[in-house]
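In the block that follows, a single chain appears as structure tokens, in the form predicted on its own.
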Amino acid sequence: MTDRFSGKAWVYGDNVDTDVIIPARYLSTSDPAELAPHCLEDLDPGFMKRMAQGDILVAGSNFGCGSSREHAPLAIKGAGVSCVIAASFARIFFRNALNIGLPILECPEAVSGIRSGQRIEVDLAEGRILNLDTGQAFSAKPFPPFLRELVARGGLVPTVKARLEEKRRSTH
């Protein structure tokens, strides 16, 4: 189970809405590989050229507000972002992110203590966020085992399929 992530922080402000996470003009697909190149392009046009696989988004309050489209967390995950840390999330984004297996942590203190470009390490099981550049540690609510399994398996649908297959095998 993948419980730990590390990468460079990309810090954004409050109210980052789904329209800037993935602009509506790209909603003709729900393929993460096709959405990824356009992730955050209206907010930060060079984001996809500068970010590296495993980097971490850090944002203020109400991240993912706006429409209920699942395309937003799909674009973020497809872009290779390993985790999103925010002061708070819009509730529908929160649910959609977990549904597709994108780890998200609410931690206002971490948001205040992390700057763009700093190296961050996240431990979901412990709820620990560590700024590797400053040594500052922050605490978020740990992911319980069932959510860590959901992330490890890639989201709700793969988790349900795997559990059904396990059940089928155990009864035969």
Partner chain sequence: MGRTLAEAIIASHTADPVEPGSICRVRVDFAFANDITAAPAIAEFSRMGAEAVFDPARCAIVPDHFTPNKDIASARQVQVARGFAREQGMLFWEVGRAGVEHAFLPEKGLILPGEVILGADSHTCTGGALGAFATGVGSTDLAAAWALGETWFRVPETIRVVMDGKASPWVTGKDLILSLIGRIGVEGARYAALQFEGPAIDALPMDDRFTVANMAVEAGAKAGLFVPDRRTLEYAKRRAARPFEPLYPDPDATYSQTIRIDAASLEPVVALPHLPSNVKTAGECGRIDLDQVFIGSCTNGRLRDLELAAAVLRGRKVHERVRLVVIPATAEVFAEALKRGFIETFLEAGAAVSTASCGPCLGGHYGILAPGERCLSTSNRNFVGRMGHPESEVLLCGPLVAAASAVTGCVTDPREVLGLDELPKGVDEK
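We call the rigid core whatever largest set of C-alpha positions still superposes within 1.5 Å between the two forms. Everything quoted here is computed from the prediction, not taken from an experiment. Numbering follows the first chain given and starts at 1.
Same protein, other form: the form predicted together with the partner chain, not shown, and the subject of what follows.
Each of 70, 89 and 156 comes within 4.5 Å of the partner chain in the model of the complex, counting any heavy atom. By the criterion of a heavy atom within 4.5 Å, residue 100 is counted among the residues contacting the partner chain in the model of the complex. A residue is said to contact a partner when one of its heavy atoms sits within 4.5 Å of a partner heavy atom; residue 169 fails this definition for the partner chain in the model of the complex, lying far away. A residue is said to contact a partner when one of its heavy atoms sits within 4.5 Å of a partner heavy atom; residue 19 meets this definition for the partner chain in the model of the complex. Taking the partner from elsewhere, residue 42 is found to have a heavy atom lying within 4.5 Å of the partner chain in the model of the complex.
Screening 109-117, 49-57, 122-130, 28-36 for residues having heavy atoms within 4.5 Å of the partner chain in the model of the complex returns a single hit, 28-36.
For residue 24, a C-alpha deviation below 2 angstroms is recorded between this form and the one not shown after rigid-core alignment. Once the cores line up, the CA of residue 158 ends up 2 angstroms or more apart between this form and the one not shown. The gap between the Cα atoms of residue 89 and residue 144 is smaller in the model of the complex, by no less than 3 Å, than in this form. In the model of the complex, the separation between the C-alpha atoms of residue 90 and residue 144 shrinks by 3 Å or more relative to the displayed form.
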